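Coming up is one lone chain in structure tokens, specifically the form predicted on its own.
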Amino acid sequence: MADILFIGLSLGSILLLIALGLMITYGAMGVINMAHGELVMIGAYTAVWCGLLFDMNMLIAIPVAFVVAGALGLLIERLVIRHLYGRILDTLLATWGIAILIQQAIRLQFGLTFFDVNVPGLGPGLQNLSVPHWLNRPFDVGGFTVQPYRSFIIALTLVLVAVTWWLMYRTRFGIQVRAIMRNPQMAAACGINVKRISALTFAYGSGLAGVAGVMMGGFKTVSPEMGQALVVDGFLVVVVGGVGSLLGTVVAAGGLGEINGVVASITNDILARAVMYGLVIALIMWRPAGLFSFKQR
């Protein structure tokens, strides 16, 4: 049973990384970013590409994926999202279109195939991400099988959650982000550069998605469609935990990840997702604002 709980905790950790980015962008800017899953995919492809072209270790590829996904997120915010603040349905449609464009760009290898240039590892086929050998050696501790790669995912997630908490609650940047979450007009009236803070927030959330993509690439094959299902699960975590609540996101990701892992181990993946969706529906009916929503004045 401990092994099953450990697997569920590692799945919940990846889900938490994805949901953290969504929580920040949706909570701070009211943007439903349907392209978040494609940013996860970009992070995974970045790690694959770093390994193929530069023989780069996966651990070194993690910060590279963060920077690449963050830069792409910043570009999306500057070109599209910035013009749609306050129009939540328009952001949904626009980012959905961006998600399709990114997928097709990967399939076309960023359009280079038009010029007969083929980049190995970036095509529409399935790619595998090489995990360091020492992370694939399970060992027993008191009858409990420790899986190094899953332990690494959990440890990295804890570090990133701590960094996010520090940014949000112990820095001037975090104060400005939380002010924008509560009331962007009032924050602007107090002298906060809302556009600049929003752009940086969007880039940081996108970077977290890139890191999640690298972690997911160690479990599954990397493909242009790998982010589609992940973004749905990420939104479920954000809604259940409460929009803009870091604590709620952590609790919801851990709970849903454990439920998915335990039910999947006992039965199968399909029934596990059905149980998870049913539980999410019940929670939303019970608490429409989420488990840890802000108090309204």
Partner chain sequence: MRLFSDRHHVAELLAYLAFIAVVLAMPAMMDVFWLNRFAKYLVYGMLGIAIALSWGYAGVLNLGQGLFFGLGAYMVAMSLKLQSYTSLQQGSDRPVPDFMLWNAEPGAPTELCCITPGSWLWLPFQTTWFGIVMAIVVPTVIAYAIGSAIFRLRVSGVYVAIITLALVLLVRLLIIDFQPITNGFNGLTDLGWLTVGGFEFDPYMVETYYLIAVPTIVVLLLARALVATRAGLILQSTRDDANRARYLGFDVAGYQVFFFAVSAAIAGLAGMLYVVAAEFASPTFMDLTFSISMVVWAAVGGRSSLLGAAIGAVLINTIEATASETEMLQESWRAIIGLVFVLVVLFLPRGLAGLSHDIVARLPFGKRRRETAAGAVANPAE
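Residue numbers count along the first chain shown, from 1. The model shown is predicted, which means the values in this text are computed figures rather than measured ones.
Keep in mind the form predicted in complex with its partner chain is missing from the figure; the text below concerns it.
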Query - Contact assignment for its partner chain in the predicted bound form, among Ile88, Leu75, Leu158, Ala179, heavy atom within 4.5 Å - result: Ile88
Report summary line: Note: exactly one of Leu200, Ile192, Val80, Leu135 sits with a heavy atom within 4.5 Å of its partner chain in the predicted bound form, namely Val80
Query - Site test, Met56, Ile60 and Val146 vs its partner chain in the predicted bound form, non-hydrogen atom cutoff 4.5 Å - result: no
Requested in this report: Give a yes or no for Leu101: in the predicted bound form, does one of its heavy atoms lie within 4.5 Å of a heavy atom belonging to its partner chain?
Outcome: yes
Query - Proximity of Phe66 to its partner chain in the predicted bound form, heavy atoms at 4.5 Å - result: no
Query - in the predicted bound form, Ser265 touching its partner chain (heavy atom, 4.5 Å) - result: no
**Report entry** Heavy atom of Gly97 within 4.5 Å of its partner chain in the predicted bound form
**Finding:** yes
Report task. Heavy atoms, 4.5 Å, its partner chain in the predicted bound form: which of 252-260, 228-236, 66-74, 46-54 makes the cut? Say which one. Result -> 228-236
